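First comes one chain, alone, set out as structure tokens in the form predicted on its own.
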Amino acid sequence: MAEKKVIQKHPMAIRWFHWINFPVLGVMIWSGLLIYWANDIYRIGWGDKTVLKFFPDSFYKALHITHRLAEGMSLHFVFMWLFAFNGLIYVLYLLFSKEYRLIFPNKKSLKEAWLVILHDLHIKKGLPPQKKYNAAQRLAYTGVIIMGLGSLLTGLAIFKPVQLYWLCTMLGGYDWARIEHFTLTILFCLFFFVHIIQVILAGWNNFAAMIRGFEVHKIKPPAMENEHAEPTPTTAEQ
């Protein structure tokens, strides 16, 4: 019968930060859509030609987003402070607990991340040495921290462009700050999409570790070699 081995993986603080941030960011993105509806100017195209518009009217109608600007603004500004506070405490925890050593990339991360991607695409079989997080995860999770800071700064700049004129100016002006804020939101959505797929592929054990803090692995006992073979005679028996 296979034995079970418990491997500690995520401290309680990391789990709390993760599960608080997930719904907070969800509300931020949703309320941001309610705000964006009032002035949805962004598109991909050239001249009068539009390849992709963010977003078509059918999108707003299907999600009942129209005419909810005040609701979106109130939700966005309240949850903005929760997002900022949770992010600040998270970064401080990483620094003081030394957990950042496991998350922040090192000088080999770029090269190793490429090998991880090739492995995930089933192009390459081998993997570089793995720790708690592989190189691709290190880059992604560090990138999310930078994106979070960027979202906060650009959000403040377009929320208070007069009072925080110096910040708005540093970001290229109101129009550029709004574009940067919108772009970061799209990147967060892409991160969520890839992250959820990776969690599904990794399986239940990996997901459960973010809830309970540990993984349970089955250890198969070594097979008995020659268990039915005749015993080898000792020197005295010979």
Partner chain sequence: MHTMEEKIMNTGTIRRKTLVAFGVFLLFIAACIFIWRWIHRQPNDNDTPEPLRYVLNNNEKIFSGLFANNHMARSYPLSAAAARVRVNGDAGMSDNFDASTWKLQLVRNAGDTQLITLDDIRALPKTEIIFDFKCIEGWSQVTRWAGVKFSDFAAHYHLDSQTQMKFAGLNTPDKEYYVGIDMASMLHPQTLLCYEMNGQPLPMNQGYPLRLIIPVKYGVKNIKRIGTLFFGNERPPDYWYERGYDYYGGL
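Predicted model, so just to flag it, every value in this text is computed and none were measured. Numbering follows the first chain given and starts at 1.
Unshown form predicted in complex with its partner chain; subsequent notes refer to it.
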(message) Please tell me whether any heavy atom belonging to residue 175 falls inside 4.5 Å of a heavy atom of its partner chain, as the geometry stands in the model of the complex.
(response) yes
(request) Evaluate residue 127 for contact with its partner chain in the model of the complex, applying a 4.5 angstroms cut-off between non-hydrogen atoms, and reply yes or no. (result) no
(message) Considering non-hydrogen atoms and a 4.5 Å limit, does its partner chain approach residue 135 in the model of the complex?
(response) no
(message) Can you tell me whether residue 13 touches its partner chain? I mean in the model of the complex, with a 4.5 angstroms heavy atom cut-off.
(response) no
(message) To test your reading of this chain, name the stretch in 181 to 189, 63 to 71, 194 to 202, 45 to 53 whose heavy atoms come within 4.5 Å of its partner chain in the model of the complex.
(response) 63 to 71
(message) If the cut-off is 4.5 angstroms on heavy atoms, which of these, 156, 144, 91, 116, is the one near its partner chain in the model of the complex?
(response) 156
(request) Quick one: name the residues from 159 to 187 with any non-hydrogen atom within 4.5 angstroms of its partner chain in the model of the complex. (result) 159, 160, 161, 162, 163, 164, 165, 174, 175, 178
